[in-house]
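Taking the form predicted alone, here's one chain by itself in structure tokens.
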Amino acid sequence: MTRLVRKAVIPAAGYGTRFLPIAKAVPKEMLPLVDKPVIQYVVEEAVASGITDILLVISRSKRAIEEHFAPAAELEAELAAKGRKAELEQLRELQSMARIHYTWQPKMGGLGDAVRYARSFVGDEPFALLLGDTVVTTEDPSRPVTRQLADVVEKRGGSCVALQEVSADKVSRYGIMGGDEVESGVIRANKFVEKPKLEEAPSRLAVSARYVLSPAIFTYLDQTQPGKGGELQLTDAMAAMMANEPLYGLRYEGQRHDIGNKLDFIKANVHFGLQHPDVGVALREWLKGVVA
């Protein structure tokens, strides 16, 4: 019987060089989408997917992430004294969402290397992997992408990744999967390639920042040699693993908000700003004037 997916790993140790100079002092995962940092949206998705324990893989410059999720007794006392009940409740919800753990990645070595630091945390359980600089939204908030992937793994075993079709000019930026559809939207992989040339790509279905992985991935990571850029590629380990156990891809309905570059970060703020109850209406009117 397949075990339930209750643990998640969120890599958040990267330098964020595309956001220098601000990333020197502020982790890119702590950049705000309106009034919440990106990392909080990612944690909230994990919690809404039934995750109870989360491991954040961080580095020396990422202590602000720990501070964000830590209790703040003085601030809570100040809010209570001023009768700021709504803000106080927000803080307490933030601290009680899940059991959050931390481990350090001392040197950047690729996504595969970051995942290796989660071995003792994961143990022998399937686990979710959510990239810490990407927010993924769905039409139905009760069915986050991570939950959809977990449902596939809990039903079929193996591992499952989120897939979205990308344009031909973007194929070389992503891990690309090819395979056969085994049920509506679910593809069993027979090929998995990291950042292929368009003519070498098995499809235009790209891995979209969310995974649910078998604990066997650690064995394959140990056997994988560094790939492009001298980094340990998770995709290479997954390609080896699928020879011995199933790897699925799920074409999900939703939207990926990648804040890894300045333009997409600004677009994401507009997207979430338009939906925000406090500023959405005013922002929409302002944008109309700007466009006009």
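Position 1 is the first residue in the sequence shown; the rest follow in order. Just so we're clear, the structure is a prediction, and the values are computed from it rather than from any experiment.
One more form of this protein should be noted, the form predicted together with 1-O-phosphono-alpha-D-glucopyranose, which is absent from this view; the next part is about it.
Of the heavy atoms in T224, none are within 4.5 Å of 1-O-phosphono-alpha-D-glucopyranose in the predicted complex.
Using a 4.5 Å cutoff between non-hydrogen atoms, S208 counts as a contact of 1-O-phosphono-alpha-D-glucopyranose in the predicted complex. Looking at G179, you'd find every heavy atom of it more than 4.5 angstroms from 1-O-phosphono-alpha-D-glucopyranose in the predicted complex. Residue contact check for Y174: one or more of its heavy atoms lie within 4.5 Å of 1-O-phosphono-alpha-D-glucopyranose in the predicted complex. This chain is displayed alone, yet in the predicted complex one of V115, L79, A150, L131 has a heavy atom within 4.5 Å of 1-O-phosphono-alpha-D-glucopyranose; that residue is L131.
For the options H101, R119, K195, K191, the residue carrying a heavy atom within 4.5 angstroms of 1-O-phosphono-alpha-D-glucopyranose in the predicted complex is K195. Looking at 91 to 99, 200 to 208, 215 to 223, 120 to 128, the stretch with residues near 1-O-phosphono-alpha-D-glucopyranose in the predicted complex, meaning non-hydrogen atoms within 4.5 angstroms, turns out to be 200 to 208. Residues from 139 to 153 do not approach 1-O-phosphono-alpha-D-glucopyranose in the predicted complex: none has a non-hydrogen atom within 4.5 Å of it.
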